[in-house]
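What follows is a pair of forms of the same protein chain, given separately as structure tokens and numbered structure 1 and structure 2.
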Structure 1
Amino acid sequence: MEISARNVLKGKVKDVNPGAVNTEVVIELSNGVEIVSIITKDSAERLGLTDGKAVYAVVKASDVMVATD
């Protein structure tokens, strides 16, 4: 896989929660940090996402916001 995004994080699917249109995918990274993504139900099915499957979380954004308390 070749991709232009610089933020590619390898992990495993921890949980898949399908809805009527979208699916919530929880990805656990090797350090235990979890990333949650909302993708279309069709995409989740096409990718064959199941618990334990090795995946990449690809983060591509033009803006990153930083906040403090």
Structure 2
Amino acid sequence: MEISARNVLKGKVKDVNPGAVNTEVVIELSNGVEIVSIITKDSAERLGLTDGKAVYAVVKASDVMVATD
């Protein structure tokens, strides 16, 4: 599957913290940078997200804000 979202960043799961409805997933990109994701608990289970698993962080361009110091 190829998706319209412009940003598909390679990484691996570093941490998975399940809540009642949502689960927090910490993804470590290849360069050591961490990116945090909140997805539904069902999706986390469906994707079989466990520590070390190779994943992509997928982000739409319109969901990326820009900030300056």
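Residues that one form lacks are left out of the comparison. Just so we're on the same page, residue numbers count up from 1 along structure 1's sequence. Here the structure is a predicted model, which is why all the values come from computation and not from measurement. Only the largest set of C-alpha atoms that superpose within 1.5 Å between the two forms is called the rigid core.
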Quiz item: Between 1 and 2, where do we have the form predicted in complex with a further copy of the same chain?
Solution: 2
Quiz item: Do you see a C-alpha shift of 2 Å or more at A54 between structures 1 and 2, with the core held fixed?
Solution: no
Exercise. Could the core-superposed CA displacement of D63 between structures 1 and 2 be given in angstrom, to one decimal?
Key: 4.9
Practice problem: Considering only residues modelled in both forms, extract each run of at least three consecutive residues whose CA displacement is 2 Å or more throughout between structures 1 and 2 after core superposition, in sequence order. | Solution: 61-69
